[in-house]
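In the block that follows, a single chain appears as structure tokens, in the form predicted alone.
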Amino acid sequence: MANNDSNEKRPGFIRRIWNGFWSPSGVLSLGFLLIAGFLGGVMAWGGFHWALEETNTEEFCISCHSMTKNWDEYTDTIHYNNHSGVRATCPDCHVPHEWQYKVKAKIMASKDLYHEIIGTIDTDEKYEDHRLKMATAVWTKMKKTDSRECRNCHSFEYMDFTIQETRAAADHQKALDEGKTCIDCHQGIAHGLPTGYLERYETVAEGLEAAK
């Protein structure tokens, strides 16, 4: 007598795929594992993005004691207080908007935690001793990126030189004609300048030009 099971119609290809997707694999089905993995990935991504945003605020920046001197200097500049009421915050100037550059900047900034722990600039004297070195690092980055973070707010394309002060308009037109970048003229726009800054900046600019 023929086996009844052999007479049953074999499921179609789509049905076999669907059954295999939801059939138990060990303890859990493949479908469950994929969905759980997807949801876990979404939560991990959301947590990572949340952490980036939480570390991208002024409150976080100045939570380290070594950053308070930077903050005090910044609050005395036009980027903090001005007639227009538009304020550039710490992340606006130091953290790129583009994702790939932002993540790189965050990784590089992790060294600041190490220096906070060991007290590299925890006194005014230490801060002044390291000011030129710190400024040089920022100038080099900004020179390499064509003052990318400045250009998030400032652009020659949208400047109306006719309503700028005469000297500013002339300098901006000259910078535009000569292909200069913001940091070429505005090294001390947000923080105090170290002794010998001009000579050091010229060395940075010449070195980068020679490396092209």
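Each residue number is its position in the shown sequence, starting from 1. Here the structure is a predicted model, which means the values were calculated and not measured.
We do not show the form predicted together with a small molecule, though everything after this point is about it.
Taking a 4.5 Å heavy atom cutoff to the small molecule in the model of the complex, the contact residue among 51, 35, 153, 44 is 153.
Within 4.5 Å of some heavy atom of the small molecule in the model of the complex lies at least one heavy atom of residue 113. Using a 4.5 angstroms limit between non-hydrogen atoms, residue 86 touches the small molecule in the model of the complex. Mapping the unseen interface onto this chain, residue 144 falls outside it, with no heavy atom inside 4.5 Å of the small molecule in the model of the complex. Proximity of residue 103 to the small molecule in the model of the complex: non-hydrogen atoms within 4.5 Å are absent; the residue sits far from the partner.
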